[in-house]
Every structure is written in structure tokens, then in C-alpha cells.
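Shown below, as C-alpha cells, is a lone chain in the form predicted on its own; questions about how it binds or moves come after it.
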Amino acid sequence: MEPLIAMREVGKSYGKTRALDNINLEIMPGRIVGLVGPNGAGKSTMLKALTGGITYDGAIKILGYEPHSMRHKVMLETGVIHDVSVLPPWMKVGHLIEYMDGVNSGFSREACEKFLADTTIKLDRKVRQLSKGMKTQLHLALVLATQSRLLILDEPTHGLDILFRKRLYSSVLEDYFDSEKTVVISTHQVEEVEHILSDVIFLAGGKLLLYCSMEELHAEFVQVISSAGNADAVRALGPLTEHDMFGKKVFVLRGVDRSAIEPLGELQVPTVADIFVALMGGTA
């Protein structure tokens, strides 16, 4: 099986700033991948490179295409949502749906209108009359109704309320997703998508900090909540982070023998955010 995305020694510089630094990875079909990193980590630069929006060093293949020289092919076969709406402000919602139905053979008008039926968006309203959140909802409806094999979401729920965000991640993506498709999600609200992710990519300072499956992540990292009396014994194992919580000590450890630490406290599965902060040395 061929990867939908392949990056080889990919780099990008803006002046003296190295936004991407020799990124190597492959993303296969049937994965939901979370792209995690602080502001300035290189997340948006990576997504722009993947969708042909910028030039770069190294090599990228996305759906078999080089994205910059064949951007029209990539964009026809990839659903992309950025946190800034790019919809034409002068068009009415209904006309926009008709346009998509006419130019894209993979577009399902029925699926789009079904999605919009759960919103307050009216077909006779112009895009410019919609709030930022409504524009995002409309953009999502148009993209999700196009049966592309790859969906790239860059802060897709920015400006949306918590109810819609929960609906998007619990039901809408399930309707879209299958074993032949892949979703890449970049978001600061990683706790909202953690339950649907199959893989995570950690970026920091333009470098690939970690890329693995959620199963590998949970096997590699463990959180221990111990009493103050056991804290020194846990510290001897070289935890990545330590903090206080209601009179107890909380540690995140990597690659330790769990049978050796079970007597020292309560073992828990750390969140993706906790692991990322731990790898960043306790700050992010």
C-alpha cells in the first residue's frame, strides 16, 4: 500500500528562521493524524507545503503528486480547511452549492445540505452575511461533501462553539472517514480530538519531535501519581516532568518497566498534551 503523504528531508526557511528542518515521514491511508505543536512550531508551514502553497527543499508526494508544481491536481483531490475562510463573499450559499455540484463530480449536494440542515445557515444568504463560525460551518459542509481521499484540517473549529466542535469530531468525521481515507488535523485543542486519533505528529522549532501511533504512544509513556514518600524512588527512574496535584506528585516517564513502578503509585495513561509538554521539557 502506497502512502498518501510522503516527505523526504523537507525543509523551509524564512530568512534565518528554519520553519521546517529536514522532515521525514509517511502517512498511510486509513489514518487520523493529529499535528501537535506550539505557535511557531512549523505546523502551518508543513500544511502549506503539503498543499502546494509554498516552495520547499526536499521532496514531497501527496496522492502521488508533487504539490507545488501540480497544485491543481492536489487541490481537486484533497479537502482542505484553514482557519481563515476563502469562500467568495459575493455568492449566496445556495449558488455556491450549485457551483460545487457543477464543477466537482465527487461532490454530493445531498450530503452538503444534510450537514447544513443542522446549522442556522440559510441557502439564500450571501457568504459575506455569515459570521466567522457560520463561514467555517459552510466551508466544512462543502469539503466534507466532496469524497476526497485526504482531508487536511488546519484549526478547523476556530470560532465555533463547543457543541458544534463536539459534533464535528464525534459524528461528522465518522460519516466521512473510511479505511481508504486519511485525515490530518492541526489544532491547539488537542484534547478534543485525542479520542479519534490513530497517530500523532509532534513538531517543535521546525523539527519532527515524534511521530507514532496512539498505541505506541501509550506503550512508551506512563503517568505516575505517587505519595511524597515514594517521590524519590520515582525520580530515580528519570521522569520527564514532575508537578504537584492535591498533595501528591505527578510524573510522566518514558520507556520504563511498568512492573517496577506499579508499587510506587497509581499508573495512568497521560494525555497527548501531557506527553508533548513532557517532551518539551515541561513547557510548551
Partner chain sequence: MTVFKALVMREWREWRTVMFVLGLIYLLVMVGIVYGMHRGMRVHSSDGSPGVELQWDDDDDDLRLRDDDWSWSGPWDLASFVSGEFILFGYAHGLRGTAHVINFALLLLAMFYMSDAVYKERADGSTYFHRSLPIQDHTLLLSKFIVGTLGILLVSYLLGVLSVAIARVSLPGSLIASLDEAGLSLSQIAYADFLFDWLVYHLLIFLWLSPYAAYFLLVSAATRSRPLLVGLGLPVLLATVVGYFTQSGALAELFMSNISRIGNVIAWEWQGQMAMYPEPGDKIELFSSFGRYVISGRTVISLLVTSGMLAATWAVYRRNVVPSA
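Under this definition, the rigid core comprises the largest set of C-alpha atoms superposing within 1.5 Å between the forms. Numbering follows the first chain given and starts at 1. Remember, it's a predicted structure, so these values are computed and weren't measured experimentally.
What comes next is about the form predicted together with the partner chain, which is not displayed.
Out of the listed residues Leu96, Val200, Leu151, Leu116, Leu96 is the one that sits within 4.5 Å of the partner chain in the model of the complex by at least one heavy atom.
Residue Asn104 is the only one of Gln129, Gln189, Asn104, Ser170 with a heavy atom lying within 4.5 Å of the partner chain in the model of the complex. Proximity of Arg71, Met75 and Thr78 to the partner chain in the model of the complex is complete: all three residues have a non-hydrogen atom within 4.5 angstroms. The partner chain in the model of the complex comes within 4.5 Å of a heavy atom belonging to Met100.
Among heavy atoms of His139, some come within 4.5 Å of the partner chain in the model of the complex. Although the partner is absent here, Gly133 is not a contact residue: none of its heavy atoms lies within 4.5 angstroms of the partner chain in the model of the complex.
The closest heavy atom approach of Met91 to the partner chain in the model of the complex falls within 4.5 Å.
Partner proximity in the model of the complex, defined as non-hydrogen atoms within 4.5 angstroms of the partner chain, places exactly one of 242-250, 30-38, 221-229, 62-70 at the interface: 62-70.
Shown in the overlay between this form and the one not shown, fitted on the rigid core, is a CA shift at Arg109 of 2 Å or greater.
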